[in-house]
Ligand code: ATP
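Consider the single chain below, provided in structure tokens and representing the form predicted on its own.
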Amino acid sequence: MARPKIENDLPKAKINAYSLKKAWQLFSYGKNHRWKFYIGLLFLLLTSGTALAFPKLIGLLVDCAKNKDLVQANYLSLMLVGILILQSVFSFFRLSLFINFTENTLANIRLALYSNLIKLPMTFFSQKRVGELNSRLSSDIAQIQDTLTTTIAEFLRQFILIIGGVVFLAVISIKLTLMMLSIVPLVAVAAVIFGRFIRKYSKKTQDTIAESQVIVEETLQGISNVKAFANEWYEIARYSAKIKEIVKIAIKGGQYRGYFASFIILCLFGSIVAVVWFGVTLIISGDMKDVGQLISFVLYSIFVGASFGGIAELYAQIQKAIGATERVFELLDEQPENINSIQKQQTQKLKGEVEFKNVAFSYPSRKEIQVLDNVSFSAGFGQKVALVGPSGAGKSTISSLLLRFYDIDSGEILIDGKNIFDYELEDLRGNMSIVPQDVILFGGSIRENIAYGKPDATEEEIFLAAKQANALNFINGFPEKFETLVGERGIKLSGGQRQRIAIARALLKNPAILILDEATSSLDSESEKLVQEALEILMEGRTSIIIAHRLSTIRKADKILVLDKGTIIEEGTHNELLEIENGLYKNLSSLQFSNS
């Protein structure tokens, strides 16, 4: 049965010297925008300072009633209005500067992260899930964004209010301050913990509701099965049981919310009453001067209590942000492939002679499994070399090694007599094209997907490549022709159409070495004929490595290599291999052609 996906909160990191050092690296990406953060901090201090002056002035204003001093009352009221205006101005600049700094910093981090990510070797991607990497670019960056924009500023503001508030409280009355500190912060923290527990319980209710929705969705999607098995009453009973569970959890949650409301009324407001009562006793005994001081004290107490309550949640958010920062820097610290930082205008043109010498290879994630064992073969300029054999024999691995997606364990791979590790990656891969079995197009136009093989191609070159790939007829059949959007992963095109776009892309690149990885195995007969014709044009005048399951497509190959368990066990032309008695190629051939 399908279960609802429950999103977990981002994990928190322990705050220590190492994690803080990592977090501080974020600011290096602010570059010439860091001054905005520092000025934002200055406005933060000014905002906190004006906030701390507010209770003091309110107390003095109340005392004006006792002294019947209207001039002083007017003066203090104007000062309070001025403070409010200053706070508004300071808050505007604080937020504007922090947001400006954050957005520019995150833009640099996103670009650096994506640039490093896309340059990482295939060994990295073979061990990571796409969803996890997407999370780094979305959830983790969003967490950092919230923290840099508001959380750090709010945490510092609350911290200043606590320290400043306690200092002002102590100045007014040490006795009352000690009494307040023994009650209000504890009650505020308890309220936060209680509130967090209630939120978790509410989430449990929502998760149970989601589970009930899954039952409804499953039942309606499979309604034909429900009817066929006459299981209506079974499904009603299943849904009813889940509804009863929801009611039970929701009622329990309602009780907890009731307890919380009672707690707030009794403890939080009770603690304020206790502070006021003790303050009144101090005024009566002469330890406190007047009511104005008591009003100021109560307001400072509220500031301190609220800040104590809020700072715990803010600290948790900062922990999450530091955790997110560490995960982002894990990717930034990954060693990329040696790719030039600036796009090369011209790649070195190769002839395309390929030679494997005693190559052995195991995938880094499965070292115990020998994928290729002592593989040796050569492909001369313009030759068509086919690789056949059962699944898992190592055919696709050879193409991956040729593209230098992985490093070999031993042996040598030579191109034009030179070790492939002596070539720059751009030169090596710039001279190769691959047409895979499952073509994935990018979600732009047909023109953009063909031009991916040569981004600076002219209109004439793109048109010619499409024509040679047998793609022009179906492209012109669309109302928008070359501007037709292919949809996500090319979903709007058929398999044969996607293959011909991939062939046009390869033609435009004009590679010295062509890799065809079962390029026609999943096509219908008509599409296969059109694609095969386009492939024949594509293979002319270049070295071709053809990985095939359908042996009919490689009869004209100059050389056929038969692989089994990572070793070449047979080698020759189609006719030569058919003469090997009990040979694997002959057996595969008789199986395929007898069934066709």
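None of the values given here were measured: they were computed from a predicted structure. One-based numbering along the sequence shown.
Separately, the form predicted in complex with the ligand exists; it is not shown, and the next lines address it.
The closest heavy atom approach of residue 126 to the ligand in the model of the complex falls within 4.5 Å. Taking the partner from elsewhere, residue 260 is found to have every heavy atom lying beyond 4.5 Å of the ligand in the model of the complex. At a distance threshold of 4.5 angstroms between non-hydrogen atoms, residue 144 is out of contact with the ligand in the model of the complex. Not displayed here, the ligand is kept clear of residue 431 by more than 4.5 Å at the level of heavy atoms in the model of the complex. Within 4.5 Å of the ligand in the model of the complex, a heavy atom is found for none of 443, 449 and 492. Picking from 392-400, 248-256, 507-515, 70-78 the stretch near the ligand in the model of the complex, with a 4.5 Å limit on heavy atoms, gives 392-400. Out of the listed residues 315, 406, 377, 463, 406 is the one that sits within 4.5 Å of the ligand in the model of the complex by at least one heavy atom. Only one of the listed residues (56, 559, 549, 36) places a non-hydrogen atom within 4.5 angstroms of the ligand in the model of the complex, and that residue is 549.
Annotation for 354-386: interface residues with the ligand in the model of the complex are 363, 365, 366, 371 [heavy atom within 4.5 Å].
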